[in-house]
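Given next, in structure tokens, is a single chain: the form predicted on its own.
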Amino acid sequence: MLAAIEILKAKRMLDCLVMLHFHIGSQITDIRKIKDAIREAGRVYAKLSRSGVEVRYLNLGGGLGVDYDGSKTSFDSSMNYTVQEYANDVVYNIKTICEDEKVPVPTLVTESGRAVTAYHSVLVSNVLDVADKIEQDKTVTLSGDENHVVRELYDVYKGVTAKNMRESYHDALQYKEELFTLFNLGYVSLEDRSKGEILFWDACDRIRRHLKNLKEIPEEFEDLERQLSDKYVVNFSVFQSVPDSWAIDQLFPILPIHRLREKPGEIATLADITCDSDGKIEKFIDLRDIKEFLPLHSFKRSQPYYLAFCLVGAYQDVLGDLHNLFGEAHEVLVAVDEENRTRILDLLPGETCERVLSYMNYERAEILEGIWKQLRKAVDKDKVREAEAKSIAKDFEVALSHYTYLEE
């Protein structure tokens, strides 16, 4: 900075230096770090001013946090101060330093993009299906020829009570491990392994039901809830719509927006519709800790069930990528007036398959021409009838103009 001032003096351009700027990072969670930075910047400004450099603006950069999890702590997804406290500290500390150094107070500038934009956007997406860890509606009937480990697991499952659930859980874990070992050595059939796994999870589910009646969950069962959580498959791409969840473990408030008069009865993690195993969300906000599951309602295929991913207005749109070729989602622009009445201003359609493929240098005409050439060959060899070929070509043509996400 001092070298830059010497250059400006030599060029007789010192009057062009009108603003001192600093930036301490994004999502600063602790107010003490902000105070320290403000004091340092204030002193630098004051010393420059006393030396004859007429800086008129002090730009504090960004860093103002967003309380994503509501805990009001210095945790990564929160902040232990309010916007009012931030403003008070900025103004008070700069004013105090300027009075102490007897220099004019600068015009303060801030550029806290995250704090300004995080609140403006909510991602809404529908649940498509549930991948249960417990084999729902599956029953195990023993024929008598099963491996002894399967029979032991059956006895554990049938014998679970509130009084013996700790012993039952220990036995179930032991027998499951023994089952896998014997299977890998070739002593257990595939059918027996399937029966044993179903019995293990069913026994764990019975144990979980008894745990709900306890005032305090024993430490050894803390991991059981996570293991028994269902996987709700949601019609979105983590990499396109909430990439910070995957990239930097950012926590976003996520909640159902249907059936709000019902108490959620299930616990779940979320999976997107990409084919990437990282396309999931398994960490959720909590006032005291990080939860490894989200309370949700039981999924009914006959009824719509939507989830809202809140506070995604900062960075997510511009960071989102075309991982697995899922494009931008539909956008609805909504205005809220002073009386909290809402109205839809505009609807911006999401990207089509055709448009996303064009980013990869696959053009619509070339794709359809290639498909039609293959269909013509199939027709010539009597593998496909002419009418079928036209129908298939039409389906491809229509699909290219559709949304990249699943539609009704």
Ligand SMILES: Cc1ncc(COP(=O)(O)O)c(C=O)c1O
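Note that residue numbering follows the sequence shown and begins at 1. Computed from a predicted model, the values in this text were never measured in an experiment.
The same protein has a further form, the form predicted in complex with the ligand, not shown here; the description that follows concerns it.
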Within 4.5 Å, heavy atoms only, one stretch in 6-14, 21-29, 395-403, 380-388 touches the ligand in the predicted complex. Which?
21-29
Answer yes if any heavy atom of G113 is within 4.5 Å of a heavy atom of the ligand in the predicted complex; otherwise answer no.
yes
Answer yes if any heavy atom of F221 is within 4.5 Å of a heavy atom of the ligand in the predicted complex; otherwise answer no.
no
L64, heavy atom within 4.5 angstroms of the ligand in the predicted complex
yes
Hey, in the predicted complex, is W246 touching the ligand, heavy atoms inside 4.5 Å?
no
Counting non-hydrogen atoms within 4.5 angstroms of the ligand in the predicted complex, say which of Y169, Y315, Y305, F293 makes the cut.
Y315
Within 383-404, the residues that have a heavy atom no more than 4.5 Å from the ligand in the predicted complex
none
